[in-house]
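We begin with a single chain expressed as structure tokens, specifically the form predicted on its own.
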Amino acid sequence: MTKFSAFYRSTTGPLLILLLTLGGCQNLPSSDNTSDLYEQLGERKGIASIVEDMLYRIVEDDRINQAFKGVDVVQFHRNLTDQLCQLSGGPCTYNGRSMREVHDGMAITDTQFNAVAEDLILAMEKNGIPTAAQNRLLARIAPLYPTIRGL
């Protein structure tokens, strides 16, 4: 097995390949000041706007919209906003179910995971979030990959 294929098969390989393809590595910060990220995302109001735009994209995204049928959109919006707020260093607390519990039995593929990540990136771009801040948030989401995928 080559180094590349071992890397690609790792738990973060597919997401990192997506990040490198879509966002690149330009403007990566040398330090990771958590509260700065929360501010760059527009605080809770900005994060809520990103999540709303992401949800509109998911509805139109034939790669993944079937997986979201029947989801309580108001609760999903609140939980994801809280989760991204907390991950970005904001004052929010995510009180939803664990990622493993939420995604149990869904058999989420790399393609589906990456489609959601792409929709998030596009929503952040629409909201004028700098690429470096996008990459910092995605780096904080990446550790959730194994539990979302059920690995």
Ligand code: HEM
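Just so it is clear, the structure is predicted and the values come from calculations on it, not from any experiment. In case it trips you up, residue 1 is the first one in the sequence shown, and so on.
What follows is about the form predicted together with protoporphyrin IX containing FE (HEM), which we do not show.
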item: Blocked or open, judged by overlaying protoporphyrin IX containing FE (HEM) from its pose in the predicted bound form and testing 2.4 Å from backbone or C-beta atoms; value: open
item: All of M106, L144 and I148 with a heavy atom within 4.5 Å of protoporphyrin IX containing FE (HEM) in the predicted bound form; value: yes
item: Interface residue in the predicted bound form among Q112, Q86, S49, Q40, criterion: non-hydrogen atom within 4.5 angstroms of protoporphyrin IX containing FE (HEM); value: Q112
item: Touches protoporphyrin IX containing FE (HEM) in the predicted bound form: C92 (any heavy atom, 4.5 Å); value: no
item: V102: touches protoporphyrin IX containing FE (HEM) in the predicted bound form, heavy atom cutoff 4.5 angstroms; value: yes
item: Residue contact check: Y56 to protoporphyrin IX containing FE (HEM) in the predicted bound form, 4.5 Å heavy atom; value: no
item: Distance check, R97 to protoporphyrin IX containing FE (HEM) in the predicted bound form, heavy atom within 4.5 Å; value: yes
item: Heavy atom contacts to protoporphyrin IX containing FE (HEM) in the predicted bound form at 4.5 Å, residues of 52-79 in sequence order; value: I64, A67, F68, V71, Q75, F76, N79
